[in-house]
Each structure stands twice: as structure tokens, then as C-alpha cells.
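As a starting point, one isolated chain is supplied in C-alpha cells, in the form predicted alone.
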Amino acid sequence: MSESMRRALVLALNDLRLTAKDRPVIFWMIIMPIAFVVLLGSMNTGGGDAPKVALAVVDEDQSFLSHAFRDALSREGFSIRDIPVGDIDSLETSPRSVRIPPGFQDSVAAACQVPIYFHKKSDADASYSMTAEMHLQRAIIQILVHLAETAKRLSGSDAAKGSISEETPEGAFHAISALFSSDAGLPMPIAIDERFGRTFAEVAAESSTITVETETAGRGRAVPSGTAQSLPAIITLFMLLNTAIYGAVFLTQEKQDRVLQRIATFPLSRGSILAGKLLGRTLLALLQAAVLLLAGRFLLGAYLGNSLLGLLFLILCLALAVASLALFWGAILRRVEQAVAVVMIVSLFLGGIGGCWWPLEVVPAWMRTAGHISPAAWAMDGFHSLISFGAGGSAVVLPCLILLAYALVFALAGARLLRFSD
């Protein structure tokens, strides 16, 4: 290590020492950001198992088949609430409800159409209601497939046995069609007795014949939620906030107290002093990120993506960008009070428009585009690519290049504008 680099490192470590001596630093860099990660993560439902969709069920038939249908709904992941027949008040307060009408089993056994009444309140969450409809249809199909398979097994048709186990929509369609076909050779109407019930239970206990897979269509993106949103957001926000405030305040204070002027009398070049100040702020940002990453991973069990190298490189580029911003603010601001007020307001603003308070995926396109004037938006893009969308390390190349460009511009501006005496 050259002498100039060694002296720059000494200046950087001295800045860290001064930061550590500030008593509120434990609160601002550890306690508050971790509390924010937990709070914001719990306000969303991501980062873990999806919440169950509430569904009220009114069974007016009270038959073997209506109970089987209710069990099928439960297997679909609904949070079932059984409503007694005639309890209109409870039914009206439920966001989504299903009513199984009287005569349900007799109609199905006779191969007659029978309605299933699904009702959703106008103020119910639209995405939950859409999910409920999909799973309701799946439960209906499963009941029909189980009926078809049960009838075929009881009919003794060897050619039909096992034909419905194929996990294809065509297999399910042919099975259902065969059940109600006049030339299928099946007993019509179906006699739903004790023997039928035992066989039906055996069929229902076997692996599902219908699977549902979902994926984002077109250019849409899933909205990050839970710790997948809160952890990257708080890392970005507090790296930006604490690095900029502490960096700008200490540099402004050193100008006011003529500390920089005295440092300039030492056998140090201007470049070494600037490098030391920039390095100190970069180390502070990296320390903030390390605290939150470790807390998120080991205290909250947060998923950090498939590319650790990509994640670390993204954090390094973000640290350089916010450290350069701190140097810039320290260069242009003249008083400590001014530095605290201006840097805090601007940092919160940059964090807000950059997706730290809410995902940019939920805002209009023009606001999402405008938000990318903030380095926080590019950092969040990189974090979400790795953590929320499962991308590899190559996904952070563009965000990292943009963050390095921010770092270069503000570092050069700060170096140009900084005066060692005020």
C-alpha cells in the first residue's frame, strides 16, 4: 500500500471513529432500520406463504356430496367459515361466499345441472376474489373428476380404470364427459350409498389430477411485498440517509472548525484527503448494509436471491453512490444545521420516489420513469431482480453502471466544490 493510500485509510477510519462516538448512531443505524424492516414487512403479505382467501360457505343440502365439495374447497387453501342456513347477517358481512343449494347431491347423481352460487361484495379485494373464483372452479372440476373415477371403478370397467390419473386437461374433460355419456355403460343415475362414499374417499385421497400454474403475462411484473420489499427498501433508504447526513454534517463541521484547513497543512495531497473522506463514507454505508443484511437473513429469515456476488457488487456500487452524495453535500453546504435539514429532506424524497416507501410497480408509468432520477430506484431495481424475481447476477449490471455513474458525477462535483476553509 502506498503512503498516500495509507494516509487516506487513516482519515477514513478516523471518520468511522467519530461516527461511532455519536451516541444516537446505535438507534439510527441499527435499532430503527431493523424495526422498519419488521414493520413494513408485516404490513405486506409477501416473503412467506400466501395468505388464505376468506370464504363463507352455506350448505343447504347437508349431504355426502355437499360435504365433499366443502372439503374440496378447504383443500384449495380457502379459509372456510361455515355459515348456518338462514344466518343472513353473517352471510352479508362476508367478503366472498358460496351457497350450496338444497337438492345438490340428488341433481348431480341424476346427471342434472345444479348451480353453485358464488357471491362477492362490491368492496371485496378484487385480486382475492379473482383467486377465489379460480380455486372454486378447480374444486368443482375435482369433484366431477372424482365422481367419474368413482363411478368407473364401481362399474368394473377395467379399460377405464386409471385413465383419469393423467395430469392433463384433456384427461379430465374426457373423464367428466364419459360420466354423463349415454353410451358410457355407467350406472345412471349414480347411487351414492355407503360403498360409493368409501370409494369416493379413496379417490379423493389420491394425488390431484388438476394442477394450476401461474406466471406473469406480457410485460407485467409481480409487485414485491413482505421482506422482499421492506429489506431492500430499508437498506437503500438508510444507506442513503445515514451516509449522507453523517458524511455531510461531519464535513461541514470540519469546515466550520477549520479542521480541514489544519489537515491541509499536513504532508497530504488534496487527492489523498478527498479519497479519505470518500472512503470513510463508503465504509459507513457498507457497515449499514452489513448490519441490515445480517439482521434480515438471520433474524427474519429473508431470502437474499441466488447470486451473492451480484448482491454484494450492487451494495458496493450503491455505497459509492451515496458516499459521493455525502461528499457533494458536505462541499456545498455551509452550516451543520443546514446540512441536517437539507440532506434529510432530500434523502427522504429520493428514497420515496425511488421505491423505498412503496414498490414502483404500483405507481403509474410516468411516475416510475421520473423516479429513476434517484439512485435509490436503480438500487431497488437491482435488489428486486435478485430477490423478488430470481434473476442471476447479470441482472444488476445496468443498475450498477448507473450507480457508478452517479458516484463519478457527484464525487467529481464534490471534489471540485469543496473548500478546506469556510
Partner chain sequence: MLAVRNLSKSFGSLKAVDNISFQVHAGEIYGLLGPNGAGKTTTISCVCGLLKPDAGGSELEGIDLAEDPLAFKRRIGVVPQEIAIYGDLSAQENVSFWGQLAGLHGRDLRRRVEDVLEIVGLQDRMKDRSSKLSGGMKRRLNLAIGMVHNPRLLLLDEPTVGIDVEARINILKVIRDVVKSGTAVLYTTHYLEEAQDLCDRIGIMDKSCILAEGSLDELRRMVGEGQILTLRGAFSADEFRGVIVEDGGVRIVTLEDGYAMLDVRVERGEVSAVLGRILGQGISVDDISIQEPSLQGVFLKLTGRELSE
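Everything numeric in this text was worked out from a predicted model, so none of it was measured. Numbering follows the first chain given and starts at 1.
Form predicted in complex with its partner chain: not shown, discussed below.
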If you check 191, 264, 341, 201 against its partner chain in the model of the complex, which one has a heavy atom within 4.5 Å? 264
Of the options 290, 259, 140, 85, which one has a non-hydrogen atom that comes within 4.5 Å of its partner chain in the model of the complex? 259
For the interface check, one of 332-340, 305-313, 89-97, 249-257 should have non-hydrogen atoms within 4.5 Å of its partner chain in the model of the complex; which one? 249-257
Close approach of residue 419 to its partner chain in the model of the complex, 4.5 Å, heavy atom: no
Does residue 11 reach its partner chain in the model of the complex if we count a contact as any heavy atom within 4.5 Å? yes
Is residue 25 close to its partner chain in the model of the complex, meaning a heavy atom pair under 4.5 Å apart or at it? no
How about residue 268 - does it come within 4.5 Å of its partner chain in the model of the complex, if we only consider non-hydrogen atoms? yes
For the stretch 18-36, which residues lie within 4.5 Å of its partner chain in the model of the complex by non-hydrogen atom distance? 18, 21
